[in-house]
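Next up: just one chain, as C-alpha cells, the form predicted alone.
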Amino acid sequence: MKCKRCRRSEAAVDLPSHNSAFCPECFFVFFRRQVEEGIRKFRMLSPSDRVLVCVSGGKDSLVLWDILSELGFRTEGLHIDLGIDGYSARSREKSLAYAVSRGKELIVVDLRAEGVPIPAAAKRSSKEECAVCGTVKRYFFNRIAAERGFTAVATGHNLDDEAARLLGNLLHWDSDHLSRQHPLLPESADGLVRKVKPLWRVSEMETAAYGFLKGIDYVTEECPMSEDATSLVYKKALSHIEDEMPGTRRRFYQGFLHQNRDVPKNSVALDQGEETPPVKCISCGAPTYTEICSFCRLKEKVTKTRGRS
C-alpha cells in the first residue's frame, strides 16, 4: 500500500479512522498537524508559555514532551515516582533517560519521601486506586507548577483516554464531571495553573506509532495497580465499536466538545459542586473548600498508620 499523502513511499501506519495510510515521514506531518490543531482550537498554549510536561515514562507522556519540544514550546518535565515496587523504578529510569538524551530538565517527586506512596495511600482510602493516584498526582502537578513559575501543565491524555472517560461519565450521568471534561482548564485566581491535554485529537495507537517510529524508549507495561480500573472496561468497549466502525471514537468525543463549547472553569471542587471561593489549606496552602485539602487528609491517614505499625 502506498502512502496516501506522498503517493511514493510504502505506507507504514494504517489509519482506518481517517481512511488514510502514511509512510513514516508523512505520518509525522499528520501527527504534528493533529496536535497543532488541538492546541490552536482551544488556544491552549502560546509561545510565551513555560510548559510543565507531566511524564510517567509511558508512551503518551514522552511523545507529548517530544512533540511539544519539536513545536518550539519551552518545556520541562515532571515525573512523579509513585512508590510502586519495580514498576516505579523502571518508569523513573525511562523518564530520566529521555530527558538526558534530549538535554532536558526532569523534576522528580518521590512519593515515598513525601510520605504518600500510592500503595500505602490506596489502602487508607475508600476510593479506587487510580482515583487516589489521580488526586495525589494532580496535587503535585499544580504545586510544582505554581512554585516554579510554569504557566501551563500538560498531560498526555489521548483520544482513547478522553473518550473512555466520557463514556463512563455518561453511563453514570455524572453532571459534575461532564461539566468539567475538556482538553483545557484555564488558570484561576485561586492558584490553579492552566491544565492542557494537547494529544486529545490523536489515538493511543497513533501515539504508539509515533513513539516507535521516533525511537522513543518507554515503559510498555501497564501500571500493576490499574488492573481493575473501570476506565479499561470503557476503553475495551469503545475499541470493539471502533474496530467495527472506524472513526466512532473520534466522532463521539469531538461531538461532545462541539455540543459543549464553553471552556469550563478550573476548580478544586470537582466532586462538591461548590460555587463559593476556595480557601487555603491550613496545612500546605493549596486551594481547597475544606479546612484541610484532600491530599493532606490522605497523607495524615498514611502517616498515622505508619506510626501505629
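The first residue of the sequence shown is number 1, and the count goes up from there. Predicted, not measured: the structure shown is a model, and the values here were computed from it.
Not on display, but discussed next: the form predicted together with a small molecule.
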Closest heavy atom of Tyr218 to the small molecule in the predicted bound form, within 4.5 Å or not?
no
According to a 4.5 angstroms non-hydrogen atom cut-off, is Thr155 in contact with the small molecule in the predicted bound form?
yes
May I ask you to state whether Lys137 is within 4.5 Å of the small molecule in the predicted bound form, using heavy atom distances?
yes
Closest heavy atom of Asn266 to the small molecule in the predicted bound form, within 4.5 Å or not?
no
Looking at 280-288, 66-74, 50-58, 247-255, which lies within 4.5 angstroms of the small molecule in the predicted bound form, counting heavy atoms?
50-58
Within 4.5 Å of the small molecule in the predicted bound form, heavy atoms considered, which of Lys195, Lys94, His182, His79?
His79
Report the residue, out of Phe141, Phe150, Trp200, Tyr210, that has at least one non-hydrogen atom within 4.5 angstroms of the small molecule in the predicted bound form.
Phe141
